[in-house]
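Same protein, same chain, two forms; see structure 1 and structure 2 below, as structure tokens.
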Structure 1
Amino acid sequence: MRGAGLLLPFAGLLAAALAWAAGAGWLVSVTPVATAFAPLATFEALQQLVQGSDLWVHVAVSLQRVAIGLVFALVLGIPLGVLTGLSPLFSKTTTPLFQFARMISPLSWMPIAVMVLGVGDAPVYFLLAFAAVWPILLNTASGVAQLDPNWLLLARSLSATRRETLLRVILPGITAHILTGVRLAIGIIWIVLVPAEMLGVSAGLGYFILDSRDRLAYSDLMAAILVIGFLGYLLDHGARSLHRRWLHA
């Protein structure tokens, strides 16, 4: 069973690679430039990029933006989620607004973000934080709503202050829900990151995609797509591992 658990993912990846090769081969008959999109050319470009330093600079910049955007989303989403879960009045007042705002694609804010914040990192941080705040906020509110009321009653009976109740009862009790929101937020941030980095910045994986296209370096472009997918998988795997460790702590 353990061998099958390792073999099946490999078989899935192999099937995807074969489909990729077949699709690229068919495209070559339509347009010769498709040769650059084939698996062999892509992996050769990937090897060269990995051995160089330019790609790692772009990766580091993108990961830094992800981290900062996630921090902004946590700082905003957790307090609002706790308040939403604790206060029925606040929840009824803001839930329609939150549900309306979260259904707006973060990318639709791109022109406004650039107009207000200018070009550079600021609009990217805004778009990433806007994309990530909703799963954190909603999962935090859900966690507060599912807290055992007896915990809060016990805290009151022991004359705990609001600060003590928040730090020692509420936050530990909803950490699993927050981590679920973080995992969802990371997935959304990673998807929004690449188009957000096409806002006039000079580094990052999104910038590298545009630059590869402009240079007609399509093999580099495909290699960057593989890197983006691999890094996204690692980020999600790390978030899942953290969630599982907390649940079994």
Structure 2
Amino acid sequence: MRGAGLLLPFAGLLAAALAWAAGAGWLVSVTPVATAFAPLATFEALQQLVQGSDLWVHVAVSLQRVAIGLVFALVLGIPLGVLTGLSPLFSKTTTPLFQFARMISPLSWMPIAVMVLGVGDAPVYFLLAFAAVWPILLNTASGVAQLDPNWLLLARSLSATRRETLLRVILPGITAHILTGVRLAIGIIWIVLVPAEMLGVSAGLGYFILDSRDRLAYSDLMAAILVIGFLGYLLDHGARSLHRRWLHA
């Protein structure tokens, strides 16, 4: 029955490709450049790109930025989340602030980030970390709140040290929640990444999109869009299966 499980998603993709071809066909009648947007031209460009080395460099740079942004978000988000989950005082003090900050599109910080951190990778890391820290923080906090009180009793009945309680009960106990946060964070990072790479950097998928536009290489641009979607899908899939494997469900 595996075939049937793949059939529907495949049909969906095929329908989208047909709609894309139809849309591109109509667009050609308006502006002739649009032939470059059509599926066939795009897939030819994609084939060229995949065989060359340029695209891979941009992909590698982008993925590295994702990883670094995520690490910053984890380093900040997990301790703050644990603190929020454990201390009602801290939670009450910071919740409105966090909810406020969370609703500001990270990209609105862009000009200030570039001014303070200079042109280059640093403002991109800042934006990605700033976008990703909230889901990690909030999920960590709710993980702490949902810890089984009996686990803590068990730890106390074993006269566990603080360190043992933290490393053997609390952290593994909230890891599933942290992984949920990571999955959401990766989704957000991936969305913020491309616009964040459109300013002041000279590599990465966002840069590649702008560069394709400037070269009038619209088939490359469309191919990059496909690559972005595909990589995002893979990242999300990876985060999901990590979550499943941790829970052994």
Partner chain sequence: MNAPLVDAALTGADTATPVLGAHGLSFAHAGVGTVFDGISLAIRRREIVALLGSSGCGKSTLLRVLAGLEKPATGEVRFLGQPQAAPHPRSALVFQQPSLLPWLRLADNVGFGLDFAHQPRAGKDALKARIAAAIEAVGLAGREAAYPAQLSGGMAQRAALARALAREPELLFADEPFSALDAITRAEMQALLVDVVHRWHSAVLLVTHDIDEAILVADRILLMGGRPGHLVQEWTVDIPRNREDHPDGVAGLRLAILAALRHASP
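Bear in mind that the values here come from a model prediction, so they are computed numbers and not experimental data. Rigid core: the largest C-alpha set superposing within 1.5 Å between the two forms. Each residue is numbered by where it sits in the sequence of structure 1, with counting from 1.
Taken from the form predicted in complex with the partner chain is structure 2; the remaining one is not. Annotation for residue 92: C-alpha shift under 2 angstroms between structure 1 and structure 2, rigid core superposed. On core superposition, residue 164 has its C-alpha offset by 2.3 angstrom between structure 1 and structure 2.
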